[in-house]
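Take a look at this one chain, the form predicted on its own, written out in structure tokens.
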């Protein structure tokens, strides 16, 4: 049994709830972007740039970015804790699991900082 020390929530219920809420945010963001692309008459760089100049769009994009990170962390944490176990990998499973979670956490932090820099840097 793997402890939930590195999970996002205090229990599986919180992780489940976070993952469902972030999925709704990501679906709304995807539908909005696809709708904007197909419903804008003169879609191009100017329209795209004007869209992202709006404060609400930057906030919406930031919420979507954070939702991607939370959603991915919970999903990858679940995969790592399900498949990198002592029963499946032997005694080195704990080391592999901690190493994998450290790498995934570092990638998540790098992508989050990079995304915030892209959104608010210009």
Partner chain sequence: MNKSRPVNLDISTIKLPAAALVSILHRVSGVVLFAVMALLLWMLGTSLESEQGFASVAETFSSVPAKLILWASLAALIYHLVAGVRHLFMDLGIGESLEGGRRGAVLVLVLSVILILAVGVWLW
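Nothing here was measured: the structure is a model prediction, and the numbers come from that model. Residue numbers count along the first chain shown, from 1.
The same protein also exists as the form predicted in complex with its partner chain; that form is not shown, yet it is the one meant from here on.
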key: Proximity of residue 38 to its partner chain in the predicted bound form, heavy atoms at 4.5 Å   = yes
4.5 Å heavy atom contact, residue 99 and its partner chain in the predicted bound form = no
request  = Find out whether any non-hydrogen atom of residue 14 is located within 4.5 angstroms of its partner chain in the predicted bound form, and reply yes or no.
outcome  = no
task = Classify residue 72 as contacting or not contacting its partner chain in the predicted bound form by the rule of any non-hydrogen atom within 4.5 angstroms, answering yes or no.
result = yes
ask   = From first to last in sequence, which residues of 44 to 60 have any non-hydrogen atom within 4.5 angstroms of its partner chain in the predicted bound form?
value = 44, 45, 46, 48, 49, 52
